[in-house]
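We begin with a single chain expressed as structure tokens, specifically the form predicted alone.
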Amino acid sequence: MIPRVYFVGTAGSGKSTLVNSFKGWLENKSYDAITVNLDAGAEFLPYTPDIDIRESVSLESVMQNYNLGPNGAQIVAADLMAQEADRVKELIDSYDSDYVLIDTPGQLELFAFRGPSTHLVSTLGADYSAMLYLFDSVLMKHPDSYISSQFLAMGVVTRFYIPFLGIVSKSDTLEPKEKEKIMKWDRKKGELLSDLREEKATVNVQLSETILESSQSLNILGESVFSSSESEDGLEDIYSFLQKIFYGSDDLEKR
């Protein structure tokens, strides 16, 4: 079975851009990957998907057929997408490739917190799947918002229970001091707690502190990779993570 790699994250975190960049990186190394678009509402993609859910479930058709606005149609489209799981699996299995790069819906909640999505992952092959979770670096510059991002990711992890790698996306947009600070928080949660306590005492800060203290010992998310689709920083680390899971760290045979 070809390894399935799900790109998951909040709207605007750079999922489609990273799918495109990582596919190009693999091809430059003479490896092969196919792309799957699961976002029925995507108006533009930076790559041409090999398998596209929009061919059977499009947001526009759902709006017309169910007399719904864009938000309601997104929900219905996400549920209809799960009904296409067997067909999508059959299409994926018809390819001879090293990786399947799966671009999930732009709205995180449509994929992460609805029952049909767990059915989809299970049908496509959960035992041979991994998740790359994109943290939008723009939302991680302050201790309380950083903790909120981490807490959301923990909720997603507990929904799927497949190998997980956190990706701090668009890291090239960070100032050196900002990147250093976020990396410090990622590696040393004690430093994050210390910086959080320097913030003005508010209910949000107090709640963030409680969440951080209660989750510190679990270390569910591990260390994140800082990546940039522009500079290709971190793509080698993503490849190494996937290779360790699926191929025992051995390099793929070049095609």
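In case it trips you up, residue 1 is the first one in the sequence shown, and so on. Computed from a predicted model, the values in this text were never measured in an experiment.
Not pictured, yet referred to below: the form predicted in complex with a small molecule.
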Contacting member of 84, 98, 178, 172, with respect to the small molecule in the predicted complex [4.5 Å, heavy atom]: 172
Ok, 230, 191, 43, 60: which has a heavy atom sitting within 4.5 Å of the small molecule in the predicted complex? 230
Quick one: is residue 17 in contact with the small molecule in the predicted complex, heavy atoms, 4.5 Å cut-off? yes
Contact test in the predicted complex: residue 243 vs the small molecule, heavy atoms, 4.5 Å: no
Exactly one stretch in 164 to 172, 141 to 149, 116 to 124, 86 to 94 has heavy atoms within 4.5 Å of the small molecule in the predicted complex; which is it? 164 to 172
